[in-house]
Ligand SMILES: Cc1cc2nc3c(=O)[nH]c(=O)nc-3n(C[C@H](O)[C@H](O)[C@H](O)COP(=O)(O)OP(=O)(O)OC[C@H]3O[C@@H](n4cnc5c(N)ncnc54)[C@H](O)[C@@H]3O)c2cc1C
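As structure tokens, one chain now follows by itself in the form predicted on its own.
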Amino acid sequence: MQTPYSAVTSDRFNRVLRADLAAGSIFQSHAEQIGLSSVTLGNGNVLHAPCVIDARGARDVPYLALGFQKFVALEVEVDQPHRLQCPVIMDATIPQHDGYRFFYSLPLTATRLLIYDTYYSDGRELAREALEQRIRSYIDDNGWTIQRICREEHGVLPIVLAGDAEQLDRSASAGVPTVGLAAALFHPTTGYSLPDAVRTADLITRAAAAGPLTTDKVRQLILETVRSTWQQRSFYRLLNRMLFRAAAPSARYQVLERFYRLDVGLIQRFYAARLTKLDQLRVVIGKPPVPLGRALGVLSERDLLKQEGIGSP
């Protein structure tokens, strides 16, 4: 695909943000308690502010039915040029384990690669040592020789199959406003949260330019964002149910195999979470890559919630 690809390392992200943060910003501190106008830190210090926002990341939420994208990655320096000219987004020509499995390779320099062993799995358990060994085997199979390992990554990201909108709304309507993964503000099919985080930060920044921020004011902004985002992305949750519930784990790759034969513009809009109605029709039209009976059985989001024991009291 002739699509530009950008990436940012966490080290550079950290440096750029720190350069813009106000003097006196606090790092490496744990928030023990969060209130509407105060935060108690792990050392006992209490910070007071008219606006408090909870951006502490993912946590278990009882109103979402989830699958998981999990991965281990190694950034390696190899002894000879690897000859990859562009990123390899999904190499599924490998044995399928624990759901849909693929390798994802980013050429950073002529001799440096970032290689992920990634799984779309039903469970969140991550066998880090086994996956690292599989990456080493993949490197050997490609004829590369590791000169040194620069760093390692691992993660388990939520993939939303269904959710109770009333409980989500209730959670967003009370207390301190929550953003990020805990507010379901992430791409439903990839689990990536950076684009939604940027949009949320931009929303709050524009609100601040119009007048002083308060916890209640930001809560209302986030509530509206969560509601509209949840409604707009219902189609993604349907596709996720097709992938995780209609397709057999060892055959999930066939769903993505079919998807990547579609128009490049559609694929771009999919990852940007901006599919049009015509795009949605194009995705589902034709022979489904999953058994028809199982596909029909996962159409209803509410039915899956009942099966998972999730629902408003």
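So that there is no doubt, residue numbering starts at 1 and follows the sequence shown. Note that this is a predicted model, so its numbers are computed, not measured.
The same protein also exists as the form predicted together with the ligand; that form is not shown, yet it is the one meant from here on.
Each of Ala31, Ala58 and Gly180 comes within 4.5 Å of the ligand in the model of the complex, counting any heavy atom. By the criterion of a heavy atom within 4.5 Å, Leu194 is counted among the residues contacting the ligand in the model of the complex. Proximity of Gly175 to the ligand in the model of the complex falls outside the 4.5 Å heavy atom cutoff. Although the partner is absent here, Arg199 is not a contact residue: none of its heavy atoms lies within 4.5 angstroms of the ligand in the model of the complex. Heavy atoms of Glu153 reach within 4.5 Å of the ligand in the model of the complex, making it an interface residue. When the ligand is considered in the model of the complex, only one residue from Leu157, Leu238, Ala165, Val78 comes within 4.5 Å through any heavy atom, namely Leu157. For the residues Trp144, Phe71, Trp230, Phe102, the 4.5 Å heavy atom test against the ligand in the model of the complex is passed only by Phe71. Here the chain stands by itself, but in the model of the complex one stretch of 222 to 230, 180 to 188, 239 to 247, 94 to 102, 180 to 188, has heavy atoms within 4.5 Å of the ligand.
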